[in-house]
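Have a look below at one chain only, the form predicted alone, in structure tokens format.
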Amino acid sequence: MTGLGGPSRGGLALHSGVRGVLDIPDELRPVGEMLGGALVRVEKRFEEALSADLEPVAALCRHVEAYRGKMLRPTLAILCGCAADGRSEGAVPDADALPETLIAVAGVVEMVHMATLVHDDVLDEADTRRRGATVNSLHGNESAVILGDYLIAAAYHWCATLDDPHYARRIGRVSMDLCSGELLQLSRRRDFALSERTYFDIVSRKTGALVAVACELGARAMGAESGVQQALFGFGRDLGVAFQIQDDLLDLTGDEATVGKSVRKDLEKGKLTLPLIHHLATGEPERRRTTLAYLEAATQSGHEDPAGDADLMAALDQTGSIRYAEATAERLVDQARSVLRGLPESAVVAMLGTMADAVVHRAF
């Protein structure tokens, strides 16, 4: 699989409108065709929901639509809905027959996610996103902040048009979780004694929560019973946290050309991620002092130290901290996949398993 970063096994690209194209195995081709058609519907409704009568607003919305990348959250919403649909008896549904509520849920979670990306770029002072210029770099922080707010408001408005108020309540709650996770992280910048427990609290809220709700509400939109909704919420939460660990690893070890966005921002902003937390907890005292000195320097504005960067990576390798983070993400994916065993076997469930594996084998 490519697009989510795993090795290609051939198959079908979903459709040209989706950035971060997902290739799937030949045996899952019918699922890919259904998913491609469903995502076309999501994109169309997304654009309608973001329509603006003021050209400056419309121009910003057009720009931010380029932020659509892997489409992980809407993809999971659609797949979890189809996997939980007991009426299908394992058959792959027709994309055009999927209920509008499922399409709306998929679009809403992506819109909330894009709002967080716009805000994150302001917080990180990032210049690049999806291999293009960020809103803040082109139009300034003020416009970027308000655009992020506009996206959140548009997502909630879209959700509130659904007949069942539960969707709006859940989206409102998860938006609060996202913000609380960000505020917790901001309060712990330059905290080089950050614990794993606090790190997981942050990423569970910032990333895990929205992926979890995408899976849960996708199942609800297809009429799944509450137990199945909650099981898929757990699937999404574990998958989302694993996804964030991989993102943190890519920020630390990747290059901008491959990752497609500004990298090493966590170090620059004094945000400890799992590899560094493990390294500082397990390294020898002298090694720890050296790393702490590096981290202090890295948080200074305009810091560039290729030799220090190389030394840090060697130190992380010495303590096995990169591998520790990778293994943690793999364990979470295994935990997520265990939920799928409780669902009736189908090609859609197999696709969910394939996507889960790809989360920790992607290079961008």
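Numbers for residues come from their place in the sequence shown, where the first is 1. All values derive from a computational prediction rather than experimental measurement.
Just so you know, the form predicted in complex with another copy of the chain exists too; it's not on screen, but the next bit is about it.
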Using 4.5 Å between non-hydrogen atoms, is Lys206 touching another copy of the chain in the model of the complex?
-> no
May I ask you to check whether Arg169 falls inside a 4.5 Å heavy atom distance of another copy of the chain in the model of the complex?
-> yes
Does Arg264 reach another copy of the chain in the model of the complex, with heavy atoms at most 4.5 Å apart?
-> no
Hey, in the model of the complex, does Ala310 get a heavy atom within 4.5 angstroms of another copy of the chain?
-> no
With the partner absent here, would Glu142, Leu147 and Tyr156 each sit within 4.5 Å of another copy of the chain in the model of the complex, counting heavy atoms only?
-> yes
Which of 170-178, 243-251, 213-221, 284-292 lies within 4.5 Å of another copy of the chain in the model of the complex, heavy atoms considered? The stretch 170-178
Consider the chain as shown here, without its partner, and state which of His113, His119, Arg237, His279 has a heavy atom within 4.5 Å of another copy of the chain in the model of the complex.
-> His119
Partner contacts in the model of the complex for 185-211 (non-hydrogen atom within 4.5 angstroms of another copy of the chain) = Leu186, Ser187, Arg189, Asp201, Arg205
